[in-house]
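What follows is a single chain, given as structure tokens, in the form predicted on its own.
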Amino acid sequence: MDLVLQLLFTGIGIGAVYALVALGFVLIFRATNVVNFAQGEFSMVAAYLMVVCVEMGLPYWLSFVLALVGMALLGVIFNLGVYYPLRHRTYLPVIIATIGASILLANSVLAIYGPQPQVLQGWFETPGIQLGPVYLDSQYLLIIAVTIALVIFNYWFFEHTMLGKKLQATSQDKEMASLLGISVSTMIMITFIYSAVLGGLAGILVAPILFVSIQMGSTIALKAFAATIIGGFGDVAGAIIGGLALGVIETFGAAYVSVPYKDGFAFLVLVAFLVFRPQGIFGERVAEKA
């Protein structure tokens, strides 16, 4: 039982990272109707920005702020350079453009920083606390706390602020939102910025647990993408639940089945959902009449 509780805590911590990146997938999809396959690279770029700032001798909190500011600027550049020129095309060219941007970001960081993985220290000097039989790692506690705070913030922002309602209106019907005087291009820009910051935040939080490497973005993105499908593509709650569920499944699978194949469990669950419930946990089956 002690091991189960320990694995559950670890799985929720890892799953919270997937949930943050999955949330970025969902926000972009709802705003533009396309999947941003560079979402994982946002996490990788932010982690490297954090490493660079810390190595420059800047305080940890200032490095954190500068990394998130850098991600906001990357969101602006990504929107203007990748999505905006193709906004009137079908979804396929935009998706291909996001894949190309993902490759460009990964190889740019590789050319600048090299292939050697980097180590980033955590926020706290205390590695964790012992709570009965369960050891609570301080970084996992931080990840879970930040995820809970962001879930509460998202609910408040989208349900109780005018900007949040404008973003929802834009995601539901761009033409009608434009007729109501909402600047659709501005709303999409804000969505890209917020999505980039969310992805960057996930990368910074998980960096002290994992090595900061070129591959970390693609690994996180694949599992976050699986989480969005499992939860119900386009559903915010589904992205969060799907991410947490994948983290727990992956952790228990590694402990009780096989560590080398732990990355495969997420995709086994994804295949099962695609076969038996393709609309996901919170998705609804859509019927079309000829």
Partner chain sequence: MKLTRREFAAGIAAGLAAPTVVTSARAQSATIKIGMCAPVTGPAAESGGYAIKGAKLALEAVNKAGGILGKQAELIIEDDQTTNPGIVLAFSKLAAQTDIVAFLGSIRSTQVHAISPDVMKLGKPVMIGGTDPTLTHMGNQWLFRFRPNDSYSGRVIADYGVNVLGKKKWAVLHSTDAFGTAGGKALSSALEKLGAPSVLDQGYANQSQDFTPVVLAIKQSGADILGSYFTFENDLGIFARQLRQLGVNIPWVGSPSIVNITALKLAGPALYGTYGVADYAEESSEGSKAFGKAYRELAKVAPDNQSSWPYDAVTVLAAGINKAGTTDPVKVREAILSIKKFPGAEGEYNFDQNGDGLHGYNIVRNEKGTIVFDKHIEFND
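Residue numbers count along the first chain shown, from 1. Source: prediction; values computed, not measured.
A second form of this protein, the form predicted together with its partner chain, is not displayed here; the remarks below concern that form.
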## Note on the structure
Within 4.5 Å of its partner chain in the predicted complex, heavy atom basis, the matching stretch of 146 to 154, 202 to 210, 171 to 179, 185 to 193 is 202 to 210
### Query
Wondering, does residue 164 line up within 4.5 Å of its partner chain in the predicted complex on heavy atoms?
no
### Task
State yes or no: in the predicted complex, is some non-hydrogen atom of residue 132 no more than 4.5 angstroms from a non-hydrogen atom of its partner chain?
no
### Query
Does residue 251 reach its partner chain in the predicted complex if we count a contact as any heavy atom within 4.5 Å?
yes
### Message
Please determine whether residue 58 contacts its partner chain in the predicted complex, using a 4.5 Å cut-off between heavy atoms.
### Response
no
### Within 4.5 Å of its partner chain in the predicted complex: residues from 103 to 140 (heavy atom criterion)
110, 115, 116, 117, 118, 119, 127, 135, 137, 140
